[in-house]
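Take a look at this single chain in structure tokens; it is the form predicted on its own.
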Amino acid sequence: MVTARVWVLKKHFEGFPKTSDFELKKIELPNLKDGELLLESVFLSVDPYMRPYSQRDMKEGDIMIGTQVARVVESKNPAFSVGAFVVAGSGWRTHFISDGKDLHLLPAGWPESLSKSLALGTVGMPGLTAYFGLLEVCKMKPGDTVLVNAAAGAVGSVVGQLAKIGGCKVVGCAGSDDKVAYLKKIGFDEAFNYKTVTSLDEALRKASPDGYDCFFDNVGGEFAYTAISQMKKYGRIAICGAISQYNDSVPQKGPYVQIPMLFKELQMEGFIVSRWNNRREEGLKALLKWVVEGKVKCHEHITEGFENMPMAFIGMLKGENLGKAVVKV
């Protein structure tokens, strides 16, 4: 009999999440049936989507949603051998039982020298979000000027690097000078700290006086409106997230985007990466290749200890992470 530790949503978040909104529990797991396997989490992901999705999809007392890299410790399923590593979406748990249907083995050719935690970041869902958001929503092409906010995060840092691979000029913004230095280190043409500029409008204009062809928006709110006003005619905008609004108790009002959208004939589209689940293998293969070749650099913010999941989640929402926020069990 295996005892799993799990984090449950004790109380729905009101405004910014607090550690008291979570509760750590223990669950006794049953013995395996034929076709099942027992897994232990090795790395767990904390991501911005967990904030709005918990409100939409969860009840108080449910195990927190999320993804992990897990190792097979016992198997009665011939498709998965003991010792294999998989990506699973089984929430905040140290151990769990699966029938294997929703598990993904790490991409073929994963080098031993590469941390398996990257399957939660650059070579995982955030990387795929950047890949398909740029190619399919922004329809990026060589010579474009691409703007990305939250650019030092798990998605934004990949967006900028993929745009450079695609022959674009890339402008990024982030919330600290250290993050701005990191963006320049990984190849962004222009980067600035949105918290210290006197005028966001002027900073965007200075970074690209001619405006922007593509805008990859992770933030929403006032930033998005200011950026939309500086788009070139027929520009394309991918709405990936709205982290500036996730913790608002009262919904933000305006400003409104219709006039710049109309006069510039812009395209704006929201997307969720699961739309391209049938092309998952294509995206992961490309991302892994670029990482191995050194064309895409990875940075992780790793928190040690399953007991620190809530702290890691809250810190990520506050922007304390550089790159992908991961918890190592």
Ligand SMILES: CCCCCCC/C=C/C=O
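The model shown is predicted, which means the values in this text are computed figures rather than measured ones. All residue numbers are counted from 1 along the displayed sequence.
Just so it is clear, the following notes concern the form predicted together with this ligand, a form of the same protein that is not shown.
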property: Segment that reaches this ligand in the model of the complex - one of 260-268, 30-38, 46-54, 281-289, heavy atoms within 4.5 Å; result: 46-54
property: Partner proximity in the model of the complex: residue 137 to this ligand, non-hydrogen atom cutoff 4.5 Å; result: no
property: 4.5 Å heavy atom contact, residue 224 and this ligand in the model of the complex; result: no
property: Contact flag, residue 67 vs this ligand in the model of the complex, heavy atom cut 4.5 Å; result: yes
property: 4.5 angstroms heavy atom contact with this ligand in the model of the complex for residue 125; result: yes
property: Candidate from 80, 85, 246, 110 lying within 4.5 Å of this ligand in the model of the complex - any heavy atom; result: 246
